[in-house]
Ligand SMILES: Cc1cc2nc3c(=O)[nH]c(=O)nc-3n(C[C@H](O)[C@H](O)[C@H](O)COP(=O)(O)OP(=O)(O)OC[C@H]3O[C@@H](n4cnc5c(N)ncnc54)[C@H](O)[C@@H]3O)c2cc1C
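Starting off, we have a lone chain in the form predicted alone, written out as structure tokens.
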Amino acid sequence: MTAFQPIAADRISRWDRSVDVLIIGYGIAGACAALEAHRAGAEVLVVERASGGGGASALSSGIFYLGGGTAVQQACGYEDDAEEMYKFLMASTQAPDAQLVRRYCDDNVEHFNWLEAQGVPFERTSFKGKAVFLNTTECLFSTGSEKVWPFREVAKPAPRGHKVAGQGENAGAVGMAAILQRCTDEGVPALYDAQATGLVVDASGRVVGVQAKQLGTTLHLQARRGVILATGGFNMNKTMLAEHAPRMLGNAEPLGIPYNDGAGITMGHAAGADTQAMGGVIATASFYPPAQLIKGILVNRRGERFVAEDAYHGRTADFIIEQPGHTAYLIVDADIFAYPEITSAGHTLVDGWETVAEMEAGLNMPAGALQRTIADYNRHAVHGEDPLLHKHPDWVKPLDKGPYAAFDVSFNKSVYLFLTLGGLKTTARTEVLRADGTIIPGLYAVGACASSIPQDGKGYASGLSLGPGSYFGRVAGRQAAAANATA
């Protein structure tokens, strides 16, 4: 990380513009930060590389991970509270900052109400099946591993995926449009087609502004109270991926916009910021829907099971990546055979066989390995049990109705989409930290350029980008607006 070096404040003879709070990036985190800082009385300016707001948030499926007893959960008959949500997230995500997770969970109901108050639409409806995204406007569904062992024994499961009332893979545009409209209505100013190229730092180490380029012109923008980085992840930056997540190169497709190049992370790091979970990614190529395929088993090329098939698809993907040769097969019998509905994942049908022994030979597995795996699985499955990996009884059935089939779901043969999870290390108040644990005054980070709650795909749940991104964006806006102003 050598680009985007900080600029010494004493080298700047004149500020082109001076405001209280500068927000770099206009996705969900930046927009929420701008609204809250503006409402707190701060003079705000958003600096955005694109010609308009939205960022990767507008291309998302529009799922916010929210719980604790939201109005939607209550209307749909689900009990939840902040403590159960906290216990689940701490157990599943391995989040290193309990205070950050606690703050998010404790404020979740208020945050849901705030999102609705901005015009983000959420129906009082739920989807009870297993899906990656919804092609309907239904709101509430399970988007994580809440019912997966061992997490279901740590915390009471509840569905927490709140999808905005849009349809399909890009429903996030509906929610993002509402937030941006509120910014417009309240007169939040933005500078478009402008790329931040470095943080301006004074002699005391405080961040006091940003250098940016707009249409070939270099600008120096002063931030009297604080700079909020909300620039997104780095999954479009091959150099950063090669350094931190090389397994993604050549094997997976980045999901986002061209500007997800890690610029904010690089700027912050160059100014002394620490980073966290830089190798963490959420990769996915879900083999469901249809949900009946979850009743199959996943095996590696040695014929061994390695993950409970009812796990969240990002958790499953992480386990698949760890297998020998990144290879995995979904094994089904005639009772549950169906083709995966997400055809873009490219999971191919290898073949069908009359017997398990023939399938084992057809997949070039060690003699007897797959036969033993299925025999052991079936012996317990007739009682609805899975003592090896503890798949939920809802998804357990013997695989004993030939013919049998195998789908290739290997990481290096399917089309896996991914997001990066690593970023700048912050406090629960979104202040950016140095490696020695001290705070860089005047600098805040939110959204995908900050390492927040999930550390890797095994602990991710859909909505843990938009949910914490929007919430901690609000936190940063208030924190920066309340900071002491520099001269």
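When you see a residue number, it is the position in the sequence shown, counting from 1. Bear in mind that the values here come from a model prediction, so they are computed numbers and not experimental data.
Keep in mind that the form predicted in complex with this ligand is not shown, yet the notes after this line are about it.
Chemist: Quick check on residue 56: any heavy atom within 4.5 Å of this ligand in the predicted bound form?
Modeler: Heavy-atom contact with this ligand at 4.5 Å: present for residue 56.
Chemist: Is it the case that residue 257, even though its partner is missing from this view, gets within 4.5 Å of this ligand in the predicted bound form, heavy atoms only?
Modeler: Answer yes; at least one heavy atom of residue 257 falls within 4.5 Å of this ligand in the predicted bound form.
Chemist: Can residue 452 be called a contact residue for this ligand in the predicted bound form at 4.5 Å between heavy atoms?
Modeler: Close contact is absent here: in the predicted bound form, residue 452 is far from this ligand, nothing within 4.5 Å, heavy atoms only.
Chemist: Please check if residue 370 has a heavy atom lying within 4.5 Å of any heavy atom of this ligand in the predicted bound form.
Modeler: Residue 370: no, not in contact with this ligand in the predicted bound form.
Chemist: Using heavy atoms only and a 4.5 Å cut-off, decide whether all three of 222, 268 and 443 touch this ligand in the predicted bound form.
Modeler: Negative, none of the three is within 4.5 Å.
Chemist: Have a look at 431-439, 455-463, 34-42, 66-74 and name the one stretch with heavy atoms inside 4.5 Å of this ligand in the predicted bound form.
Modeler: Result for this chain: 455-463.
Chemist: Only one of 139, 320, 196, 207 comes within 4.5 Å of this ligand in the predicted bound form by heavy atoms, so just point that one out.
Modeler: None of the others qualify; the residue that does is 196.
Chemist: Does anything in 158-180 come within 4.5 Å of this ligand in the predicted bound form by heavy atoms, and if so which residues, in order?
Modeler: Counting only heavy atoms within 4.5 Å of this ligand in the predicted bound form, the single contacting residue of 158-180 is 170.
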